[in-house]
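For reference, the chain that follows is the form predicted on its own, supplied as structure tokens.
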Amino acid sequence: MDFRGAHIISVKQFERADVDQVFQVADNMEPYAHREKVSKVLDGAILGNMFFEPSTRTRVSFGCAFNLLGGDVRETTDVKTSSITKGESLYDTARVISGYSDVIVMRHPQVGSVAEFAKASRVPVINGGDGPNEHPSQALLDLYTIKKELHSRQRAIDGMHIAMVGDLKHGRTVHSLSQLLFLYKDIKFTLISPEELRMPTEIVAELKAAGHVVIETDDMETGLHDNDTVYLTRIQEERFTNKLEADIYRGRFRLNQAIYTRNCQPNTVIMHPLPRDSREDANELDNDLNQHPNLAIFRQTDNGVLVRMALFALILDVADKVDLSAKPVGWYTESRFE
């Protein structure tokens, strides 16, 4: 894949070598993300952050990643504040906003909307999530996290066992992560969900066709056995036409310290794309695991900045120039944080 000027719409664009390249550049971004150094490699560049669905981590981390490379961010955070409410087409919006930006990140509730927008854009577009369809940067940061967590345990992605738990029908994070894992070998997937919220059949078929083992079950405790990673998701209530229907499934699959100890291996990594639903009737990932050393959810969010920095650097063709404008961070002193 030639990243220069490319749209990032789907994980299906990537070969394994492309993923390796993103991860290598992400590793090089650590001093900047950790505020040890500052780079102005994107000084003068503008990111158009267009989020027509609620977002905290994705929107803020993309903006943070761009700022850390020296660029500026302009945001649209609600469809009600945009001219789309006046009947403007995605085509017209893309033509206009791409004239104000050097790269655009877009989230939209409709499947295929970001791809449609990208066709009219004059600058690269990154898919920040299109309805229940895909979320490619989340899949990359999830896989980057898995790679780092397993490496610390002398394991690799090839041959790993992963359990995906929750709303696998509507969860775009598990869709994209599963499809990215097509690129690896001999993975065992245990898909734990209610019958009505199972992983789309076409994704399951593709996993099996790629030579992976896929087990589908609604028995959470049995399904948690023998996994390197457990990836939980919340019930995607915004994808249900009837909110009361979502209540039927909320809280049915919960992970807490007792269930983890009883069913998981001692080093099983716990992941979640966030937000986790901490309401009492949901609570799919209990707070009693907050201090558990295998809880990787906040390492995931930190890794998201690294991966998104890497994507910007590759797309805007500055990955080999980041260090040229590097200098120490002037405001940072160790004593300030003692």
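Note that the coordinates shown come from a computational prediction; the quantities given were computed from them, not determined experimentally. In this text, residue numbers run from 1 along the sequence as written.
Keep in mind that the form predicted in complex with a small molecule is missing from the display, and what follows is about it.
- Between 269-277, 289-297, 63-71, 23-31, the stretch whose residues reach within 4.5 angstroms of the small molecule in the model of the complex through a non-hydrogen atom is 269-277.
- In the model of the complex, the small molecule lies farther than 4.5 Å from every heavy atom of residue 49.
- Residue contact with the small molecule in the model of the complex: residue 283 places no heavy atom within 4.5 Å of it.
- The small molecule is not shown here, but in the model of the complex it comes within 4.5 Å of a heavy atom of residue 107.
- Proximity of residue 58 to the small molecule in the model of the complex: non-hydrogen atoms within 4.5 Å are present.
- Taking 193, 138, 233, 101 one by one, only a single residue has any non-hydrogen atom within 4.5 Å of the small molecule in the model of the complex, and it is 138.
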